[in-house]
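One chain comes next, on its own, written as structure tokens: the form predicted alone.
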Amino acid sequence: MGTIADLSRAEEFLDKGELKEAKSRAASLCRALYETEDKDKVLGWRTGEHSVMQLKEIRRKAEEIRREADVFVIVGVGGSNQAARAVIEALPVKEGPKIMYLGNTLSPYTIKKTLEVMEGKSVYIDVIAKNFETLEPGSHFRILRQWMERRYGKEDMARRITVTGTRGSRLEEIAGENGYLFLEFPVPVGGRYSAFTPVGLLPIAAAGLDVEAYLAGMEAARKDCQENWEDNPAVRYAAVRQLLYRRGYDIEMMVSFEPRYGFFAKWWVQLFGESEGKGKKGIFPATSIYSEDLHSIGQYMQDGRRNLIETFLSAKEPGASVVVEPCPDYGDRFDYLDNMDFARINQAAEEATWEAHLKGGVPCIRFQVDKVCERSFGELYYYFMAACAVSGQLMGVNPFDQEGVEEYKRSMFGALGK
């Protein structure tokens, strides 16, 4: 298995008897995930059977987009674009369309600037909305549709638009009425759990990334969680973070010395924030990218309130080599770095931070993969989704609903006269 979860140093903050009991309960919940009938229609993400759909259509459309588009706009908010965006931003390819994102803001400035970039370009869009009631993607679809109507004939425009939603929704009706490709957003999969559905698969394929490797990572992690339910990264992580929470550690910071994980961390924040922040409970999820944030948030991590958990995400292979060459005539006093690769420098900074924060009283956890690639993203997404499902239940909340989000929507729609 490529993903390694090191929780040993965080476990030092916990009572061994309590930890054994928590792991046993977490294991039972993990086992139940795969043995329980999905009566509430929220567990479709567990296997590819109810999540991985329409691969033939996805591959065909992705090839067309890569061949003919200058710009591919992904229209979605939250879980409808974050998983795909994290992979695309971390693993850019040299050829293919420029990937842009709308449906995730109400800023007129951002919308206007995106439309300006699209001018004179061959544009394709994918509108992702599970129930097609969310304001941001719905309003942006109208803007984009009107923009495209002014530039393309009806048939040409139709082939440039893909919509991803649930069967029976108004979005599916619009696709049928206008000849758009319709991809299914499976009903039993929530947005933040949709990384392995057409929601994530078309954008990843259109970006020229390896969908097969990505799904292989998912399947490897799924098999580990289902067959090794007593002891896998998801179970151990869920048990440890929930015991820490009971001891007053109510903020968890996901950090990485690899900036390529910046959007993955945002996905993680949504997954746990939306899943666990209920009933006045929950670990507050936050994120920092080191080493830049060590010069700001690092001070708080070292000497601030001791209610923090720090979860490191790292890769063994750095992905590049940059060596500091000697410069004896300049006198910059950095000669101690002569002939040193930045991979070593970055690793040294990570290990020093790990040790310093542990000594400062912060329980530290580390998830490590072999390298930043499609397969490791597949593994990480699945492990964290399974961990979130178990962790939420350990906390006593439903990790699959989001009533708090719906409350702000009701207020906003009222203010807008809906």
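Counting begins at 1, following the sequence as shown. Computed from a prediction, not measured in an experiment: that's the story for all the values here.
Below: the form predicted in complex with a small molecule, not depicted.
Each of 129, 192 and 274 is positioned with at least one heavy atom within 4.5 Å of the small molecule in the predicted complex. With the partner removed from view, the residue among 99, 283, 297, 77 that has a non-hydrogen atom within 4.5 Å of the small molecule in the predicted complex turns out to be 77. Comment: the small molecule is not present in this chain, but in the predicted complex one of 134, 288, 314, 226 has a heavy atom within 4.5 Å of it, namely 134. The stretch among 208-216, 154-162, 266-274, 174-182 whose residues place heavy atoms within 4.5 Å of the small molecule in the predicted complex is 266-274.
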